[in-house]
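Below you'll find only one chain, the form predicted alone, shown as structure tokens.
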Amino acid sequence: MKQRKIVVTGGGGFIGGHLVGALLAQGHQVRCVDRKPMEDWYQTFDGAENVVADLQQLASCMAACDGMDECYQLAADMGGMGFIESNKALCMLSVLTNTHMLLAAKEHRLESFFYASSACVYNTDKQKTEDVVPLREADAYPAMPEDGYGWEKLFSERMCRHFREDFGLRARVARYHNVYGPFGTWEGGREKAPAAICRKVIQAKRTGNLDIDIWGNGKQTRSFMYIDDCLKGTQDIMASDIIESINLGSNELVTIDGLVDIVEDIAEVKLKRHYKLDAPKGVNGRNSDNELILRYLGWEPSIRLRDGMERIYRWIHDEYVKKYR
């Protein structure tokens, strides 16, 4: 594989950190940029050029792209449902980062630009029941995405499209469906359901208080994609000729109660469930239709949820013990 000079924005985050590690292992030169102080990065790599910068500022984006061949734009202010439902303005401000990174990529004539979008762009009218029909890429229109975060993602998808059409920027867009794995947020309010449930089960087992709070009624349905599948799909989409926004997610559907069942089985414990019906829960049902990615790439995310959850459970367990021993 030809060595590339690649900038990963949001590289101090969960997906970004894993991507930086993979790119370095493949022999690429990597510039890793994130707004957080470096001690707060989820992973750091000595082989990367590590930069702390605010990418909402155009000058920072210009510096990030200077001398690079490609960009993976993962930087965003986001978290789990509890965060995005309570911080709509902060989520929308990520539009500044996306716009300025596109301008910088154009100015520095980058060969390729990848934008990490989200399944939150999909029309919420198509996600009202738990027995959801898998979401096809066309289901983003007519537009009615999740307020705040979803609108930011959908708008930025359109920016990528028009920079490709008007300026010739080779832009690729993937709609991530609930990515999970180790080296991510597992407490503090920004964690997503897999990590939150693992933490709650671990805490219940270690304290002996065998109760668990579940946001919603437990019947909400989702699919969850393990980080290794996300990395493969991201790089394959970047290298492909796919010009439309495309789903990148598992189609293994599970209820939130079913996710708790899996973690209880891994932990060998049974908990009493308390359903918090007034807590943020997002849409009632969401799943990924993978027809398009199978057609283009002959591949789809395939790591079983049970296998991935066992890996993240073991990692969070070790982190929990280190912090709360």
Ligand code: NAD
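From 1 onward, residues are counted along the sequence shown. Quantities reported herein were computed from a predicted structural model and do not represent experimental measurements.
Keep in mind that the form predicted in complex with this ligand is not shown, yet the notes after this line are about it.
| query | Which listed residue (74, 193, 171, 102) meets the criterion of a heavy atom within 4.5 Å of this ligand in the predicted bound form? | reply | Going through each option in turn, the one that passes is 74.
| Which one of 273, 270, 36, 276 is close to this ligand in the predicted bound form, taking close to mean a heavy atom within 4.5 Å? | It is 36.
| task | Classify residue 149 as contacting or not contacting this ligand in the predicted bound form by the rule of any non-hydrogen atom within 4.5 angstroms, answering yes or no. | result | Looking in the predicted bound form, residue contacts with this ligand include residue 149, since a heavy atom lies within 4.5 Å.
| query | residue 296: heavy atom within 4.5 Å of this ligand in the predicted bound form? | reply | No, residue 296 stays farther than 4.5 Å from this ligand in the predicted bound form.
| Closest heavy atom of residue 201 to this ligand in the predicted bound form, within 4.5 Å or not? | It does not: once this ligand is placed as it appears in the predicted bound form, residue 201 has no heavy atom within 4.5 Å of it.
| message | So in the predicted bound form, is this ligand close enough to residue 292 to count as touching (4.5 Å, heavy atoms)? | response | No, no contact at 4.5 Å.
| field | 15, 97 and 179 all contacting this ligand in the predicted bound form, non-hydrogen atom within 4.5 Å | value | Yes, the whole candidate spot contacts this ligand.
| Location of this ligand contact in the predicted bound form, chosen stretch of 209 to 217, 128 to 136, 159 to 167, 111 to 119 [non-hydrogen atom, 4.5 Å] | It is 111 to 119 that comes within 4.5 Å of the partner.
| Going through 37 to 59 from first to last, which residues have a non-hydrogen atom within 4.5 Å of this ligand in the predicted bound form? | The stretch 37 to 59, when checked against this ligand in the predicted bound form, contributes 42, 53, 54, 55, 56 at the 4.5 Å heavy-atom cut-off.
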